[in-house]
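Listed next as structure tokens is one chain, alone, in the form predicted on its own.
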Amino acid sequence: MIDSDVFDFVERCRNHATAGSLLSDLLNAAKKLGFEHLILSGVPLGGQKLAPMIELNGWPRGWFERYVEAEHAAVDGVCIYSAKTLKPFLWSEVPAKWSETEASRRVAGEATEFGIRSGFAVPMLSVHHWQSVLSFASSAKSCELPRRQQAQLVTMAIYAGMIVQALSDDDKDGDGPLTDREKEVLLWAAAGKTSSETSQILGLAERTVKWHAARAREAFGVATTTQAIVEAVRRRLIHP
């Protein structure tokens, strides 16, 4: 791949109206650098489920289903490291304390059944998630990628991430994933109020307050109200 190919991809990004067309274009570009598959998703934290966080899915179908059902994201060294750095990295560069665990090695071994043996990951900031990562996968046993080609992949990944985010924003209501009442409940929880205290402040039954908190947790795919508060603040949905 030459640099002009990258700039051509960036120009085409402006014309993609769907995630599907963007995925196809990015896959074709990545194949020139030896990558047959890719996936763009949020990085799950604190018990979050991966499936709702997928934004571009170019993984082998059977592998994606197995990865999600087995909750491999919680033990996969590549996924774990993607939450801890913004520096692009070869999968082989994941520190041993995450890549050499028995569970992480098992995930890597299962991936080879689907022709995935090496790869390159591009973590990036995200409006919709704590952090996102675009991971390119290769059937080659070892991924040898010169610095210039790494830079080409990073450039394409960042632009693809920007377009996916814009497409997602266009598809959503301006109010975002929370109702006004859910925002109120999170705001009072952020101020340290209990469900009982919030119910008195808002004039609601306590069970209704708890229901709104549960809906907010569900909207973000998190396990606790504190995590929902953090996510709502990060997305600028509430301002405690």
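Model, not experiment: these values are computed from the prediction. For clarity, a rigid core is taken as the largest C-alpha set superposing within 1.5 Å between two forms. The first residue of the shown sequence is 1; numbering continues from there.
In what follows, reference is made to the form predicted in complex with the DNA, a form of this protein that is not presented.
S.K.: Which of 205, 201, 54, 191 has a heavy atom within 4.5 Å of the DNA in the predicted complex?
M.R.: None of the other options qualify; the answer is 205.
S.K.: Taking heavy atoms only, is residue 210 within 4.5 angstroms of the DNA in the predicted complex?
M.R.: Judged by the heavy-atom cut-off of 4.5 Å, residue 210 is in contact with the DNA in the predicted complex.
S.K.: Whether residue 12 contacts the DNA in the predicted complex should be assessed with a 4.5 Å heavy atom distance threshold; does it?
M.R.: No, no contact at 4.5 Å.
S.K.: May I ask you to state whether residue 215 is within 4.5 Å of the DNA in the predicted complex, using heavy atom distances?
M.R.: Contact with the DNA, yes.
S.K.: Taking heavy atoms only, is residue 66 within 4.5 angstroms of the DNA in the predicted complex?
M.R.: No, no contact at 4.5 Å.
S.K.: At 4.5 Å between heavy atoms, only one of the stretches 58-66, 22-30, 35-43, 192-200 reaches the DNA in the predicted complex; which one is it?
M.R.: Only one stretch passes the 4.5 Å heavy-atom test: 192-200.
S.K.: Scan 220-234 and write down, in order along the chain, each residue with a heavy atom lying within 4.5 Å of the DNA in the predicted complex.
M.R.: 223, 224, 225, in sequence order.
S.K.: Take the rigid core as the frame of reference and indicate whether the C-alpha of residue 184 shifts by 2 Å or more between this form and the one not shown.
M.R.: Residue 184: C-alpha displaced by 2 Å or more between this form and the one not shown.
S.K.: If we fit on the core, is the Cα of residue 223 displaced 2 Å or more between this form and the one not shown?
M.R.: Passes the 2 Å threshold, so yes.
S.K.: Align on the rigid core first; then say whether the Cα of residue 33 has moved by at least 2 Å between this form and the one not shown.
M.R.: It does not reach a 2 Å shift.
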